[in-house]
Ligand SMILES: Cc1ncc(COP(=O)(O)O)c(C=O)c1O
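Below you will find one chain, with nothing else, as structure tokens; this is the form predicted alone, and questions on how it binds or moves follow later.
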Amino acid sequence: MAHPFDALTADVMRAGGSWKWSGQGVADGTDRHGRPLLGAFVAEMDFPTADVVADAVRASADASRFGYLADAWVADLAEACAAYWTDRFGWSVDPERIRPVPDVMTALVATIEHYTPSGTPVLLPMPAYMPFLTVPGRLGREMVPVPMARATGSFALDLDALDAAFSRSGARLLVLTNPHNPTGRVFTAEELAAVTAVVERHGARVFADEIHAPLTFDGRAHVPYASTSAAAAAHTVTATSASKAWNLPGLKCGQVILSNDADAATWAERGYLAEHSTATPGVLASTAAYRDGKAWLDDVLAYLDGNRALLRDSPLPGVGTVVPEGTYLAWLDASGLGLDEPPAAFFAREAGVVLTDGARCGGPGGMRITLATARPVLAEALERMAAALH
């Protein structure tokens, strides 16, 4: 049976005006065949959010709740977030240890500035979410890239490389994204325990970006890094948000989860500015998502799983396709094509599909594609790409 999302056309999404459908010429650009461009480069969904979330935003407007955050709303969000993480992931979190921030990037900046020694480098497994490559440098920190290992058509953390990078650079922070953007890996408890051993050996910290935590497939369960051991809890700052799972990035509300007394005390002393720009409507919408948005999310996960299957079954000759275990982002390895230009540029011109250039993620020769769109639109994008390759 057709899903309501199937009725979303590219024209409808262009009219919506989001960056995904207006940036990089998508709104009015064409490929060399004169076809309108299809946006697949931004990590957001094209689906309308859950009714309970939309209702919360409308109620915020009706009640003119546009002032600064009230403590009661912050506490309500923390309770809803804690209950969700306990129910979904089995991690019991004290609501008083959950603090609001505008987004995960704000949480990363605060973690670097408040929880690591001044001037120390930051380790980042590659490929990675694009802003993570640039933010440390803007804070006067060296970003140390650590290539991930390829493992049977997927990716894995290279523990030996991480160990050597800590020793060589003197880094004191590892940025760990799980589920991983852009490769879609969902790391196991065993993998995370091995990371903990490396981090502990070097007296370092972990910034755990778990924004895609609700988005896993094939029976895989997200394992919160800080939940795996007392050692992990003691050296981790976790950042998350309802923004990816319920499609709320523009509402500017994330959460920092503090898993030890010392970090909570530091945040209480220094975290005010990081919290200050969190949007009141975003807090109210996120509270509704965590509390009452589970049925909508389950339906979206089933739809995304169908899009994963479509990608898996779509022949892209010469391109290595990494079907994601989690997130709605997939990695395409076009390094074997022998192109004399970035593959994302080739597909924008020849197929009219705008992808994320892998070089921006620290993975030259690759591309990131967003699968969270109407299935007919995704099918058209993949058919255009296959035709361009042929």
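The structure displayed is predicted, hence computed values, not measured ones. Counting begins at 1, following the sequence as shown.
In what follows, reference is made to the form predicted together with this ligand, a form of this protein that is not presented.
Colleague: Check each of 259, 280, 247, 177 and return the one that places a heavy atom within 4.5 angstroms of this ligand in the predicted complex.
Modeller: Selected residue: 177.
Colleague: Within 4.5 Å of this ligand in the predicted complex, heavy atoms considered, which of 161, 105, 126, 149?
Modeller: Exactly one listed residue reaches within 4.5 Å, namely 105.
Colleague: Applying a 4.5 Å heavy atom distance criterion, does residue 199 contact this ligand in the predicted complex?
Modeller: Output for residue 199 is no: heavy atoms all beyond 4.5 Å of this ligand.
Colleague: So in the predicted complex, does residue 132 come within 4.5 Å of this ligand, heavy atom to heavy atom?
Modeller: Output for residue 132 is yes: heavy atoms within 4.5 Å of this ligand.
Colleague: Classify residue 211 as contacting or not contacting this ligand in the predicted complex by the rule of any non-hydrogen atom within 4.5 angstroms, answering yes or no.
Modeller: Contact check for residue 211: yes, within 4.5 Å of this ligand in the predicted complex.
Colleague: Is residue 53 close to this ligand in the predicted complex, meaning a heavy atom pair under 4.5 Å apart or at it?
Modeller: Close contact is absent here: in the predicted complex, residue 53 is far from this ligand, nothing within 4.5 Å, heavy atoms only.
Colleague: Heavy atoms, 4.5 Å, this ligand in the predicted complex: which of 82-90, 307-315, 203-211, 259-267 makes the cut? Say which one.
Modeller: Correct option: 203-211.
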